[in-house]
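The chain that follows stands alone, in the form predicted alone, written as structure tokens.
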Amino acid sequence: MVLAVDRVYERLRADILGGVHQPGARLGEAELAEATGSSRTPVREALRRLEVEGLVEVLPHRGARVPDWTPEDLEEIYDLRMLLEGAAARRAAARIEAKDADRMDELCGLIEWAAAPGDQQDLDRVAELNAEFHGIARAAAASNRLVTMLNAVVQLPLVMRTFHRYSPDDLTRSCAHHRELVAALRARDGTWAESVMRAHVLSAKAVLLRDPPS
């Protein structure tokens, strides 16, 4: 049986990651209780959980809101992600199973198709497939500590809808990184895999910190 707090938590988390609640948006307990068909108690507990994940911030005497990230916040978070994702890729190179590398290879093709310019381009689908790709790499690292630390920093790209800021060249570069990472993992070369992953995350940071087109 799903508890009310779990249901509210999942709903709010999905709404934040999906962009229903934008950065800076106030999250009033009464309004959220009405929207989720629950009382304020499970809403309050769900907001506490989301605060721990970094998806909500609670301000004294002002209530909860979706964080409005500063450039300094983004730079710090992506630098941490670079170190953690790089370490995970290095570990994964020594541990990944062939079936997982095969799935990552398949995802490369799916991402490239969804990212290609034209009427079929679907950047939300790119984000979804990209999350699966990186999830496989993190799982292959076989480190609960690394996964726990990464969970605190990998949600941000979804919140910020990073792929919607990518130029065609950015998307091409990202897809090339994916292909090279799979090659490094198949070669079981941890140094190569870590280097590719670090470059991949740093290029994503550069896109996020770049001024949006006018």
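Here, rigid core means the biggest group of C-alpha atoms that superpose within 1.5 Å across both forms. Note that residue numbering begins at 1 and tracks the sequence as displayed. The structure presented is a predicted model; accordingly, all values stated were derived computationally and were not measured.
The form predicted in complex with the DNA is left out here; the points below concern that form.
Note on the partner interface in the predicted complex: the residue among 179, 186, 173, 44 having a heavy atom within 4.5 angstroms of the DNA is 44. Within this chain, residue 27 lines the site of the DNA in the predicted complex, having a heavy atom no more than 4.5 Å away. Although the partner is absent here, residue 38 lies within 4.5 Å of the DNA in the predicted complex, judged by heavy atoms. Residue contact check for residue 207: none of its heavy atoms lie within 4.5 Å of the DNA in the predicted complex. In the predicted complex, at least one heavy atom of residue 62 sits within 4.5 Å of a heavy atom of the DNA. Heavy atoms within 4.5 Å of the DNA in the predicted complex are found in one stretch of 66-74, 30-38, 163-171, 145-153, which is 30-38. Once both forms are overlaid on the rigid core, the distance between the two CA positions of residue 45 between the shown form and the other one is 2 angstroms or more.
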